[in-house]
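In structure tokens, one chain follows: the form predicted alone.
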Amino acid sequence: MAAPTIEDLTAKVFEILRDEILSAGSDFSARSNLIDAGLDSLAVTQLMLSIEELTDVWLDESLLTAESLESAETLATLIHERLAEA
């Protein structure tokens, strides 16, 4: 099976954030800042579990920086890179 594209991962990460984790307003997008949207340490844990279920990739906590958690797009890029390494 081919690895998902960055666009596919971005859409899925955004969907998880929007539908399951954050109570963000209608202006929330894949480029919205996740910390500003309410992402906290508990939400990060929930997000990482959802991503692992989706991709079978566990992101080490050391990879979860302010830069990688800036938006659904930046997080999807990190996930895509980890999938390429697998």
Partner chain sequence: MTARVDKLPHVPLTGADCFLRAFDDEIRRKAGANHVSQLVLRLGPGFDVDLFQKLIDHVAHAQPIVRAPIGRRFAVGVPVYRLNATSRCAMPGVHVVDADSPPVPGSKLPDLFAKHLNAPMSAKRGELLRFDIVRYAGGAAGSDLAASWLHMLFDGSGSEIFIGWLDACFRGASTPEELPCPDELAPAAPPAQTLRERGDGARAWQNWLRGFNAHPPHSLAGPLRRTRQALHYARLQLSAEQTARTVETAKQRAGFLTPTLFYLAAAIRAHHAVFRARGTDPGSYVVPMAVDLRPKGAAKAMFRTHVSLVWFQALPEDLDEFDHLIGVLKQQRLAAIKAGQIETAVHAMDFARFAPKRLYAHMSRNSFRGELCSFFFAFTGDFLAGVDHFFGAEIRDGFHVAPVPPSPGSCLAVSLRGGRLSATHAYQTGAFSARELEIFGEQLYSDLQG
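If you're wondering where the values come from, they're calculated on a predicted model, not measured in any experiment. Positions refer to the first chain, counted from 1.
In what follows, reference is made to the form predicted together with the partner chain, a form of this protein that is not presented.
- Proximity of residue 57 to the partner chain in the predicted bound form: non-hydrogen atoms within 4.5 Å are absent; the residue sits far from the partner.
- Although the partner is absent from this view, residue 37 contacts the partner chain in the predicted bound form, with a non-hydrogen atom inside 4.5 angstroms.
- Taking the partner from elsewhere, residue 64 is found to have a heavy atom lying within 4.5 Å of the partner chain in the predicted bound form.
- The shortest heavy atom separation between residue 50 and the partner chain in the predicted bound form exceeds 4.5 Å.
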